[in-house]
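Below sits a lone chain in structure tokens, taken as the form predicted alone.
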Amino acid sequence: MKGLKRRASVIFSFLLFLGGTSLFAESSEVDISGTLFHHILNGRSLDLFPGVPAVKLPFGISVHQFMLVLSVLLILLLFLVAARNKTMKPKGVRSVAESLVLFVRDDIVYPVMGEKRGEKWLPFFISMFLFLLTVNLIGLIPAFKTATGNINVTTAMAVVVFVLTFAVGFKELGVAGFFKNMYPEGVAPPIGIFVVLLEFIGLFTKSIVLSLRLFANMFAGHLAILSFLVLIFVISPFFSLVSLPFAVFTYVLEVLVALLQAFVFTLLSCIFITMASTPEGE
């Protein structure tokens, strides 16, 4: 166990050292803010290793687009490999895949939607959770970037949930029933109409918050790690005795945040869709 912890700490230190040195590989006179945001914001080329020329991506795609495609390919590979193991007792990759599926089913979808209804939605929410989790974790590799740290990506995800909220609500309750479901029983019409208006605006607000929460958490975490590493070059190399442990701690914390944000986004999406398509009182 001690040996495993020691190897893990060495790996973390190496990854952070690699990321820190690559920050300032291009020039001795560095624009600090420019350097920070260069390694966080979107671009057209990948900076793989210090001293190695950046790899320009083909077909004009951006780094974040490449991260999204790579995440989809990794998820497909995970399930293709898992599907090859046809034994009754899962092990290896199949065990990991089944654990993730069961986690989404038993801790997110079924508790919110129920078993009968949740079974129909399970593939969608499994895909959402695994996609967000993979994108978040890939961004922790120093050479890569986090696509969910791009407000355009998180907004697109939130828009999908927003459209599904209305589509499922209209399908299950009808257009009139959808808005009637927002109307509280036994109140005066002026108050009821006002509540319906607030609920309708709330649908937009929930989607905006859904997008901003994921974006802010992923963006801020990477900015914090890079900020700690930058202090080594700004203050003194000896400051690494302080900043490197903080950077390692933040890095480990980001792994937890990556899992937590994928869970929260999927759970809230499930709740919003369920609430919008369930008659009041059920």
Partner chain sequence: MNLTLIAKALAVIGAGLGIAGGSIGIGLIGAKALDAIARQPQEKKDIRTNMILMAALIEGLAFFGAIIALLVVFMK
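Numbering follows the first chain given and starts at 1. Note that this is a predicted model, so its numbers are computed, not measured.
Absent from the display: the form predicted together with its partner chain. The rest refers to it.
**Student:** Answer with yes or no whether residue 107 is in contact with its partner chain in the predicted complex, where contact means some heavy atom within 4.5 Å.
**Tutor:** Judged by the heavy-atom cut-off of 4.5 Å, residue 107 is in contact with its partner chain in the predicted complex.
**Student:** Within 4.5 Å, heavy atoms only: does residue 246 come near its partner chain in the predicted complex?
**Tutor:** Outside the cut-off, so no.
**Student:** Does residue 228 reach its partner chain in the predicted complex, with heavy atoms at most 4.5 Å apart?
**Tutor:** Result no; residue 228 lies far from its partner chain in the predicted complex.
**Student:** Is residue 168 a contact residue for its partner chain in the predicted complex, using a 4.5 Å heavy atom cut-off?
**Tutor:** No, no contact at 4.5 Å.
**Student:** Looking at its partner chain in the predicted complex, do all three of 133, 141 and 251 come within 4.5 Å of it through at least one heavy atom?
**Tutor:** Checking in the predicted complex: none of 133, 141 and 251 is within 4.5 Å of its partner chain.
**Student:** For a quick check, can you give me the residues of 189-217 that have a heavy atom within 4.5 Å of its partner chain in the predicted complex?
**Tutor:** Those in contact are 208, 209, 212, 213, 215, 216, 217.
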